[in-house]
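The form predicted on its own is given below as one chain in structure tokens.
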Amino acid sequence: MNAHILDYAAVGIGPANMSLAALAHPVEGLRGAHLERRESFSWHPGLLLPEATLQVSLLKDLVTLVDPTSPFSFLSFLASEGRLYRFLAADFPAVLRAEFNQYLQWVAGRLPSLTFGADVHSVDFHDGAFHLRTGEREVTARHLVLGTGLTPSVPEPFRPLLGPTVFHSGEFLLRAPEVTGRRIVVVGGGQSGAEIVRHLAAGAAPESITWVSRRSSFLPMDDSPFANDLYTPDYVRRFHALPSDHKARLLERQKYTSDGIDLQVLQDIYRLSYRDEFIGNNPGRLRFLADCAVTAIEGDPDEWKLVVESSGPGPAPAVLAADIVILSTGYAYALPDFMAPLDARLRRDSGMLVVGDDFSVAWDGPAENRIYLQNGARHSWGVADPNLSLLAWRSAVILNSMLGETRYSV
């Protein structure tokens, strides 16, 4: 092999590709590069609310479920930072998301294969290798790993109005809006919407907070043992083998095993509403509109008018006045722009990428050169794909495939 050709190049440094880097680190002779356009690592910085917690076990970190002896585990981080005993004594019901971000930054600082400030502009394939071009150099590799993550979903009516007072929830802390005395509308009934509503309500600063959701109610996550069985290698392998139409039906049925709201967050919000109504003498400051959809928005940054319609039989559409509109409308996968030179060579089924048993995307290139997809195959691998639960397992599957041997038991 050409000495300048790496074994793999991974684009995007989030938890998925960082897990791959951590598991690849001890593999002797394996040469890989991880490229990230941001100048440093941060995990969803716009949503790192001080009270927000993980929805999964602390064992579902970058490495533990594949290699419990790895020096890149969450427990290794706690011990290295001298906080293991204090962490145990604190007995948190779940890991604070801000602390998990500290852990990820700690790991990032210990992996020499990670390069930040490297914006990949294009990827092409010729002469038996992938050629990745950044602003400063070209990286050549036998395999390509895509780990650029999900992109915010913004409903059509809001797109022309995005700015300081209409924005996606992922930008909440980055925008740092002044909320004192303002009328806030949060659109979307998932976890991020709930966390922002709780954060705003606990601060007692906004004039009003209205939470709008298409869902029939503000529904909790199903965290029961049998639901958690959906987040195991055994189950996702069986899911992957099913016909596409069967997968689509299951994805809808299993939605609230990942896309529901932590029960603790719902209890906190309900108690804050009770406090406002019966103790703080401020009834109506928190308003909950379930089974409703925002169908139109007009106005300007001085005042927005949102048309809200009930999804079922009910009253005529209501018009909400808002100073700030926060869109907790989820995320979706989109192939990154730098893949344009290879886009036509990727195989799709009903518009979705065909993803194989080793998380490689079907394409018309040589079988010995593979394009692996991290966190973009929910349609193919199920509700666990964007979740932290199988992060280490998926990275191990990809690594074994690249090596052509079972380095890690999967």
Ligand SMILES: Cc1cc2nc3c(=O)[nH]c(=O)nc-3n(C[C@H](O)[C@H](O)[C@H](O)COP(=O)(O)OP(=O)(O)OC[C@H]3O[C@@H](n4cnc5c(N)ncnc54)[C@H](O)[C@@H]3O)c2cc1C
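Residue numbers run from 1 along the displayed sequence. Keep in mind that what you see is a predicted model, and the values were worked out from it rather than measured.
Beyond the structure shown, there is the form predicted together with the ligand, which is absent from this document and is the topic of what follows.
- Looking at residue 274, you'd find every heavy atom of it more than 4.5 angstroms from the ligand in the predicted bound form.
- A residue is said to contact a partner when one of its heavy atoms sits within 4.5 Å of a partner heavy atom; residue 131 fails this definition for the ligand in the predicted bound form, lying far away.
- Though the partner is left out of this view, residue 106 does not reach within 4.5 Å of the ligand in the predicted bound form, counting heavy atoms only.
- Proximity of residue 56 to the ligand in the predicted bound form falls within the 4.5 Å heavy atom cutoff.
- The candidate site formed by 97, 119 and 331 is fully in contact with the ligand in the predicted bound form, as each residue has a non-hydrogen atom within 4.5 angstroms of it.
- Only one segment in the set 23-31, 37-45, 343-351, 364-372 has any non-hydrogen atom within 4.5 angstroms of the ligand in the predicted bound form, and it is 37-45.
- With the partner omitted here, the residue from 239, 338, 304, 158 that has a non-hydrogen atom within 4.5 angstroms of the ligand in the predicted bound form is 338.
- Shown here without the ligand, the chain has 147, 148, 149 in 131-149 lying with a heavy atom within 4.5 Å of that partner in the predicted bound form.
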